[in-house]
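A lone chain, given as structure tokens: the form predicted alone.
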Amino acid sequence: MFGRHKPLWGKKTRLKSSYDAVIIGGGLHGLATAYFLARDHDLTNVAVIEKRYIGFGGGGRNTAIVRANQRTSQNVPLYKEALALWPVLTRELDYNLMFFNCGNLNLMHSEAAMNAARMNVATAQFHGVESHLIDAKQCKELIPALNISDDITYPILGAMYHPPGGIVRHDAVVWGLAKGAARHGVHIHQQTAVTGIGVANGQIVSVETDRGKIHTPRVLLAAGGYSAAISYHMLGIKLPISVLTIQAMVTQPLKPILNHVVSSGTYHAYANQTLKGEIATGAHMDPWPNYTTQTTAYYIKHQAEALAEMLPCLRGVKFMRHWAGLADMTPDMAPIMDGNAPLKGYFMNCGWGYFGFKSCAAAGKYMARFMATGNCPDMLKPFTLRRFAQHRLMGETAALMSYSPDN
């Protein structure tokens, strides 16, 4: 179908035999990096290679939440900058990304959780990110539909309130970045599968595709849930990534009842109301590694039970659509953004787990600088692959998992 119709982001281009950089993956991070390579570094001879269509993966399979109230001092500055970039990109791309900073409310259900939230709030405030610890009564004032009674499974003691957070229309971000990159001369090739990566004397030299060979000195791996398999099977480089399914769904459209994003780690549920009035809601990841995007009745039941307790006015509301996406999860739930090791010209931007959408703008900006200059920006240095071999896991959720590139 793509051969017969003009792409919505601009003119259809021919696959060239040589590019200054090839980006594997037409998702948010790949498109953002391509855009910033062209905009900031005049590197316009760039190809984005996508096996299916742009936004096929996590870019089109998420619930559009953005925030900057992460847990660690390494993560907060990156997400803070990403959050600040949404209105900037809306103007630059001349494309309505539908950014709505309605605020995030992360519910706490125990004294231990409240103590942990105090640390999160202190970290955020130290880095200049607005975040507050509020009690249950204040939660009710912000979201009148919230159930703060004691007769539920996990009574609400308070919440971490993050006013600058909110939602962005994820498919608008895909199209906006694609149009912006193409306007600067970047080539976007859909329905093009990467079949191999060429190496000579420790240097990236080419990318093989099912449409021909591309000569290039730089490759960025930004293929989301497929990144680990590509890295291992094409280059023999193991990445400490598990691929897990995350499911989400939306209800029938309703009148406005939810004016903030609300989430609960204890209930493993989060929800926001879309511009169409639907309640978009998601849960924790499936507990076993897999590459399926199939949905399960278990999660429909789970979401119905969780939302019915937190927001009892939703009882009886119908779920209309249910989907799933792949999360590339590292042991510490922080990404891998690295380059030039072990191969010169090989760059990685993967392992984002839950957090890839909200970070794509800032991550793309700094990965573009890394690729153009060969020097790792300070913002990206904590996210090196070497941290796993050196047992320096970050504290987003540091699992007890040892990793060595030799096993």
Ligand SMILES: Cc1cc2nc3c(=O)[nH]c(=O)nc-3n(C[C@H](O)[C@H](O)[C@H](O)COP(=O)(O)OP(=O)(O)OC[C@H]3O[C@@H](n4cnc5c(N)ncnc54)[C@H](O)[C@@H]3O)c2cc1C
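Keep in mind that this is a model prediction, so the values were computed, not measured. Residues carry their position along the shown sequence, with the first being 1.
There is another form of this protein, the form predicted together with the named molecule, and it is not shown here; the text below is about that form.
Here the marked residues G180, N340 and F370 all miss the named molecule in the predicted bound form; none has a heavy atom within 4.5 angstroms. A64 is the sole member of L380, L43, A64, A362 with a non-hydrogen atom lying within 4.5 angstroms of the named molecule in the predicted bound form.
When the named molecule is considered in the predicted bound form, only one residue from Y267, W175, Y226, Y161 comes within 4.5 Å through any heavy atom, namely Y226. Shown alone here, L37 lies farther than 4.5 Å from the named molecule in the predicted bound form, counting heavy atoms only. In the predicted bound form, K344 stays away from the named molecule, with no heavy atom inside 4.5 Å. Contact check for P240: no non-hydrogen atom falls within 4.5 Å of the named molecule in the predicted bound form. Contact between V219 and the named molecule in the predicted bound form is not found at the 4.5 Å heavy atom cutoff.
The stretch among 119 to 127, 306 to 314, 133 to 141, 188 to 196 whose residues place heavy atoms within 4.5 Å of the named molecule in the predicted bound form is 188 to 196. Residues of 7 to 36 lying near the named molecule in the predicted bound form, listed in sequence order, are I24, G25, G26, G27, L28, H29, G30, the criterion being any heavy atom within 4.5 Å.
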